[in-house]
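Here's a solo chain for you in structure tokens, the form predicted on its own.
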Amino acid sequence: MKNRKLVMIPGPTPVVRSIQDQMGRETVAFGDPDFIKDFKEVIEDLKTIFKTEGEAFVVAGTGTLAMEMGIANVTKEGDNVLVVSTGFFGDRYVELCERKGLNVDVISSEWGTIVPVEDIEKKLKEKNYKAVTVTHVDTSTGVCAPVAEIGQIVKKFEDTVLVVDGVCATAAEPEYLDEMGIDVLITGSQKAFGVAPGLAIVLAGPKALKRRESLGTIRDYYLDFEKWIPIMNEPAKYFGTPPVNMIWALQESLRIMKEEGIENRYERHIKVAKAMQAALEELGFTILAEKEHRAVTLSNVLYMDGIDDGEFRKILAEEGAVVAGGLGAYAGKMFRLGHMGNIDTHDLVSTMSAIERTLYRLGIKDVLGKGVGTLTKELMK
């Protein structure tokens, strides 16, 4: 009998039954009064949970669309943009911005480390940047950028907007827009929200909305805040057909979040991450990211000598857990393990046990129970 496979990649994450049920509901007209009420609730909940006096946008699309939406509404051709990159997904902003005719400067860190905040401030003093982009958690490295500190720095520069990629952070790492100085937060439904892929989610604070107004007509149509603001304020209006069932799914995700309490959710992710990382290290693995800057949503796990990446992940899948491979220079040298969203203790223990069995099959015989024991002790604290 084949093992059921737990999808433990850095997204999509497992979708709990109550969210699945919303996706399976009979679809209604987007003008249905009950759906309009539900959509309004989603928008208000997003603004409340992530603390902004600005606007929230929920549209059909991916995190990449949200990235583009964030940039398109706060810059114009010829503007200077500073990309703060801690990995592969930070670097994606470079091509995205260059295609829009923006002048891009990049400040990068060695994979596994952050870009020091003082280096960012020094760079901002060199020229007038209209926007700074930061990836809160880069899934290629498992590094969590100090977004709150960066936000306080960017606040000193009145003409600079901070755009934060929260795709692998939002709903797991603290992100309070107005108090943290985040002007645009972009994210997607499929990671810490615990919803299936399909929704691009963007929150824009007052500074970003003021910037959008100053730009006049922009060349992007589907991405334009001003096309979507009337819809988000009154979902009975039409611009593009809303993904009805996905919005219901997001509503259920937000209900779960409110029931747990967002601060409790943040604390749970910290506890789970520390437990998983301690267990992995007990088994002999190494975590790529520096300890003080590790993400809580995933672990980027370097193999010990003698482990073949392809064979490890193949056997691990047979044992019931699917993880992702490394990217860039770390392809073949590590695996990426997601532990975010609505996963529970059963998922975590089952995954760790599957990793132990995999190592055992690969000839490392003294591992059974070691990782699970460490994980369980840490979770029970």
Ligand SMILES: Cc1ncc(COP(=O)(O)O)c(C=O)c1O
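Numbering starts at 1 and follows the sequence shown. Treat the numbers as computed from the prediction; the structure is a model and nothing was measured.
Only in words, not in the display: the form predicted in complex with the named molecule, which the text now covers.
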How about residue 92: is it within 4.5 Å of the named molecule in the model of the complex, going by heavy atoms? yes
In the model of the complex, is there a heavy atom of the named molecule that lies within 4.5 Å of any heavy atom of residue 342, even though the partner is absent here? no
Spell out, yes or no, whether the shortest heavy atom distance between residue 85 and the named molecule in the model of the complex is within 4.5 Å. no
Considering only heavy atoms, tell me if residue 64 and the named molecule come within 4.5 Å of each other in the model of the complex. yes
Contact residue in the model of the complex, from 137, 276, 249, 202 (heavy atom within 4.5 Å of the named molecule): 137
Though the named molecule is not shown, can you say which of 184, 145, 195, 168 has a heavy atom within 4.5 Å of it in the model of the complex? 168
Using a 4.5 Å heavy atom cut-off, which of 160-168, 119-127, 286-294, 257-265 contacts the named molecule in the model of the complex? 160-168
Contacts from 178-192 to the named molecule in the model of the complex (any heavy atom within 4.5 Å), listed N to C, are 190, 191
